[in-house]
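One chain is shown next in structure tokens, namely the form predicted alone.
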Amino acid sequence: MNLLDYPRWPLLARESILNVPIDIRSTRVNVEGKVIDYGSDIDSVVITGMGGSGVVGDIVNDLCWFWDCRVPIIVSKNMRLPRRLSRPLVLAISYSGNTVETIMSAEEALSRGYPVIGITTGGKLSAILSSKGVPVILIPKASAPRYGLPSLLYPTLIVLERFGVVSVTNELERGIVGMEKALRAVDEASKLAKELVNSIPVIWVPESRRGVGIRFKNDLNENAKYFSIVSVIPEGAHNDIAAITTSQAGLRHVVISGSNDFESKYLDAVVDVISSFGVKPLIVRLDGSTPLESEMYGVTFLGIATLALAHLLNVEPVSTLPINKLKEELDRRGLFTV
């Protein structure tokens, strides 16, 4: 099985943070007559991005259930920003730099006078922002956006620290330890993959690990070309769990939980109820002593499992033909002006 860029993840994480300018808060730009001062106080952070880039916002949201994040994190996966914003910092994350939804959101943010920082390998996003004097953090390249996750996440964490949102310095290396642990658990990930063959995975995950569940679903979609379902607890315990009483043919339930998650006892109760109806879920424990370590263990381990599943199914994991065709179709219809 080809692990693609996963063995490089620890190195990608370390390399990418070196590209964050130390003096980024001293930036002042004039856009359309508006002076944008990056040293001003902020009251929220908007993380805008799609797909493998957009999941960075989901992971940061997870971490803020455990960390003392000073301001709300708003995840925007759309062509526009939320309307009611006051003094946000906008992080425009696009691995390719050509994600039109992210470019449109970044341009809207600048037109509103918000400080924007781009995180990308280049492309149109880099060109547009750089031409306006807006900071752009360039990151190392990988085989595809989803395989470059540490390159996108780690600069984001550094930026959040520079803006006083959260203190992450002591956590960064623990996140890399989580990746390294997962890379030593390839055989276990392959066993999980075998359990998922010829099934539709139903992923049960606590709210504080929503990002891990979403990332797992996305990797199943893109790597293994599998449909899957994410049920977030406790909300899913008020609706999704009712479907356990019907036929479970073709479904395979996977429960994701961290040992120190505050929803652990609640999730254990959900597992017991599911099991009482004759459904035996697979349990994935997030190994780690800190929030970032267990989060990165989870996304790495589960990502490797989806590569193993693609290998078992003889599916080529990197290509995403329908996504490419959709982009071409949207461009043909003139829906985006970027």
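Position 1 is the first residue in the sequence shown; the rest follow in order. The model shown is predicted, which means the values in this text are computed figures rather than measured ones.
The protein also exists as the form predicted together with a small molecule; that form is not presented, and the subsequent description refers to it.
S.K.: Quick check for you: of 73-81, 134-142, 237-245, 96-104, which stretch puts a non-hydrogen atom within 4.5 Å of the small molecule in the predicted complex?
M.R.: Residues of 96-104 come within 4.5 Å of the partner.
S.K.: Hey, with the small molecule in the predicted complex, do D62, K217 and G303 all fall inside the 4.5 Å heavy atom range?
M.R.: No: no residue has a heavy atom within 4.5 Å of the partner.
S.K.: Which pick from I323, L330, L18, I22 sits with a heavy atom within 4.5 Å of the small molecule in the predicted complex?
M.R.: It is I323 that has a heavy atom within 4.5 Å of the partner.
S.K.: Taking 4.5 Å between heavy atoms as the contact cutoff, choose which of V284, M50, A310, V45 touches the small molecule in the predicted complex.
M.R.: Only one listed residue qualifies here, and that residue is M50.
S.K.: Hey, in the predicted complex, is E222 touching the small molecule, heavy atoms inside 4.5 Å?
M.R.: Because a heavy atom of E222 falls inside 4.5 Å of the small molecule in the predicted complex, the answer is yes.
S.K.: Is R146 part of the interface with the small molecule in the predicted complex - any heavy atom within 4.5 Å?
M.R.: Yes, contact at 4.5 Å.
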